[in-house]
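Single chain ahead, by itself, as structure tokens, in the form predicted on its own.
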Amino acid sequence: MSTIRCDIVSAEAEIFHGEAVMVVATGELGELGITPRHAPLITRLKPGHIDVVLQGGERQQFYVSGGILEVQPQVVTVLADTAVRAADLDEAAAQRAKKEAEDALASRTDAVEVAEAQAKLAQALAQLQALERLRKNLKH
């Protein structure tokens, strides 16, 4: 089985470096499945999950706050402001952030604050979805 190198990098550190048989990410236009010898591609990522399927079927799951995904024939690179292993996400903090963003949207003061609250809400929801996906995969 052929593999493709995958690098996931945040502003703080390299989060993952290894060989994968498939990388799944949430691009601006929807889900992307990248396998070895995929056509070159560059796209922006939405806040959400990155699944890295290793040889043998093991899955490594990550959350990214958005960023850029670049595909070259031998390597997939994810550049994100924030990237975290899904297992390291703090569910309580994500729930608090979701509640704070919803409260800010409910008070609707000005357009800039609404846009900031919407972005924070999208990130909190993406973290919670990444945690839910992790739980589902652990059950299987």
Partner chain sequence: MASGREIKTKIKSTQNMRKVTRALEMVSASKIRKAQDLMKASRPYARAMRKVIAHVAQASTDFSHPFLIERTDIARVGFVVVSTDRGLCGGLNSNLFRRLLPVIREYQDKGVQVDVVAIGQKAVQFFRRLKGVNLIGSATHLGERPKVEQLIGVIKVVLDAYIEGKLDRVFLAYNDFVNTMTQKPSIDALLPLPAVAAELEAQHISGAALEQSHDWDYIYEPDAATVLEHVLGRYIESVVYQGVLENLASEHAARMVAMKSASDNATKVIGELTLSYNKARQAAITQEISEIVGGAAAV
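Fair warning: this is a prediction, and the values are worked out from it, not measured in the lab. Numbering follows the first chain given and starts at 1.
What comes next is about the form predicted together with the partner chain, which is not displayed.
Notebook entry, point to check: Do heavy atoms from each of I68, P73 and T77 fall within 4.5 Å of the partner chain in the predicted bound form?
Noted result: Each of the three qualifies.
Check: Which of these residues, E19, E12, E132, E116, gets a heavy atom within 4.5 Å of the partner chain in the predicted bound form?
Finding: If I apply the 4.5 Å criterion carefully, the residue I get is E12.
Notebook entry, point to check: Does T43 reach the partner chain in the predicted bound form if we count a contact as any heavy atom within 4.5 Å?
Noted result: Judged by the heavy-atom cut-off of 4.5 Å, T43 is in contact with the partner chain in the predicted bound form.
Check: For I34, is any heavy atom within 4.5 Å of the partner chain in the predicted bound form, or not?
Finding: Output for I34 is no: heavy atoms all beyond 4.5 Å of the partner chain.
Check: Quick one: does E28 come within 4.5 Å of the partner chain in the predicted bound form, counting heavy atoms only?
Finding: Within the cut-off, so yes.
Next item on the list: Give a yes or no for E102: in the predicted bound form, does one of its heavy atoms lie within 4.5 Å of a heavy atom belonging to the partner chain?
Entry: Close contact is absent here: in the predicted bound form, E102 is far from the partner chain, nothing within 4.5 Å, heavy atoms only.
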